[in-house]
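The chain that follows stands alone, in the form predicted on its own, written as structure tokens.
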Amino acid sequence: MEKAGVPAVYLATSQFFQNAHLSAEDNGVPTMRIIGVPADLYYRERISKERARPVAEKMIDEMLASLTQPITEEESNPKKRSSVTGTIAFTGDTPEAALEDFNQQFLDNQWSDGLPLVPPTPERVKWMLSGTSRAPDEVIGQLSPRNGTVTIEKIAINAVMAGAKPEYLPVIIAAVEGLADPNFDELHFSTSTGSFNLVIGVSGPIADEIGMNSGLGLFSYGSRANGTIGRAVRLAMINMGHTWPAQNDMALVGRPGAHAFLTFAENQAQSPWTSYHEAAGFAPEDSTVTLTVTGGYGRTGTNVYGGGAVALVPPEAVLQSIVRDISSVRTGIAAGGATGNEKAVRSNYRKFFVIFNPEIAQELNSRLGYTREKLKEHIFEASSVPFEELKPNEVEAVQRAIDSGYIPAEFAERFKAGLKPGGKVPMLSRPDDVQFMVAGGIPGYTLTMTYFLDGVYKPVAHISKLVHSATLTKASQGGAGTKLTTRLVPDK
């Protein structure tokens, strides 16, 4: 509106005041006039129009002034965003004092995650870059929300600070490539008030070669590879995406595992199925990094199944629990029916990323005969809900999804048949809405992670990237070639 010559003022609660200013700057209107509504008043009184009216009345004069006061000199010539380049020196009476100064200044400048960092000296960055044959100045893309430019060298700098080894660098690069992919919606998970989280799953031979934990305690401490790969990704988001809590990372209670995310490797050695990356269309010798956005806390986040051993909780019971939870989440069909907006229908459907522990996977395959595809089909069918249990707005939502073409043609008839008395309506848009890896030890637990079928701001919330150009491992040494094409697992 401002660019079209229409005066505008933006209202934000005081908790989001700084966030609004940063967003205005990031989107090309750095001098947009913004009014801060006291958060305690707004959130306490927004229950009804009657209670909210006094809050609005208190803001009217300030709103009118913002709309009518002349443009100031500062608004006409906004300051450009400053940047820091070159090498910074830190000194002290002792090496320990210099190191403490380094860590404190990096934290003060919001270049740190709050834990002690390894200083990214030129020598150490050069050492880190020895892990890849890619050029340091190669530009990969940009990271939201503040759209910093991503290069191989910048990734290496953050990998050094995280404490990673050069052998891990190609995996870290692939993960950051996923974040920077124009199709991947890292903006929603990294800035939303919901405590959405990032899952980083590595599939392929490089995981074993660099010593990633894929077994017992895979989300625990003690693995340098798992911990520093995830931490390097977080630092890349801080230093290239320029995220910061309560400024533009607005997760109200933070995110589980915020320093290193949920970073793990597939346990292919004990899996009864082909590897995850092969199922996604990559070659057996390839290695991939898969990123999934999942809920953080509560029912739409991560659910855990099993009693630690199949003797206590058999695979039938685990599968039944997964099906029950998928059915009960009602994957967005209620929300999608409330509007004619096709995006609302799409973005409110969910997918499920299941991490089966090896024992359950082996039982599902050998005793119950489930291949990957048969298991997906079973969950798709079994999680369907009887027509009689659907509310009118849910029926409307399903019909919208069919009419918009969002439900794939090959499954549309199942949905149409379900919209009749005696029918059943799938709660997933297609069988591939359920993806799974095998990870963990024996005994172990099975986990389901819920994520949006599509991104809110960008197309997808689940993506796989090829690991390549490694120099210090036998795996993933080949160049990108045609394999670097983005694979939107499993839709394209």
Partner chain sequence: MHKHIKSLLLGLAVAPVLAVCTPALAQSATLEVMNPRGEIPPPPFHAPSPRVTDLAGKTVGIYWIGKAGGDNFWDGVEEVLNERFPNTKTVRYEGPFDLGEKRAQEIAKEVDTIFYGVGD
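Numbering follows the first chain given and starts at 1. Note that the structure is a prediction, hence the values are computed from the model and not measured.
Below, we turn to the form predicted in complex with the partner chain, even though it does not appear here.
Colleague: Please name which of the stretches 441 to 449, 461 to 469, 46 to 54, 419 to 427 has residues with heavy atoms lying within 4.5 Å of the partner chain in the predicted bound form.
Modeller: Going through the listed ranges, the match is 46 to 54.
Colleague: Is there a heavy atom of Gly163 lying 4.5 Å or less from a heavy atom of the partner chain in the predicted bound form?
Modeller: No - in the predicted bound form, heavy atoms of Gly163 and the partner chain never come within 4.5 Å of each other.
Colleague: Is there a heavy atom of Gln435 no more than 4.5 Å from a heavy atom of the partner chain in the predicted bound form?
Modeller: Result no; Gln435 lies far from the partner chain in the predicted bound form.
Colleague: Determine whether any heavy atom of Thr91 comes within 4.5 Å of a heavy atom of the partner chain in the predicted bound form, and answer yes or no.
Modeller: Judged by the heavy-atom cut-off of 4.5 Å, Thr91 is in contact with the partner chain in the predicted bound form.
Colleague: Counting only non-hydrogen atoms and a 4.5 angstroms cut-off, does Ser76 reach the partner chain in the predicted bound form?
Modeller: The answer is yes: Ser76 has a heavy atom within 4.5 Å of the partner chain.
Colleague: Of the options Pro284, Gly369, Pro392, Pro122, which one has a non-hydrogen atom that comes within 4.5 Å of the partner chain in the predicted bound form?
Modeller: So the residue touching the partner chain in the predicted bound form, by this definition, is Pro122.
Colleague: Taking 4.5 Å between heavy atoms as the contact cutoff, choose which of Ile140, Ile157, Leu218, Leu375 touches the partner chain in the predicted bound form.
Modeller: None of the other options qualify; the answer is Ile157.
Colleague: For the spot marked by Asp113, Ser190 and Ser321, is every residue within 4.5 Å of the partner chain in the predicted bound form through some heavy atom?
Modeller: No, the whole trio is out of contact, none within 4.5 Å by any heavy atom.
Colleague: Residue by residue through 97 to 111, tell me which have a non-hydrogen atom within 4.5 angstroms of the partner chain in the predicted bound form.
Modeller: Sequence-ordered list: Ala98, Leu99, Phe102, Gln105, Phe106, Asp108, Asn109, Gln110, Trp111.
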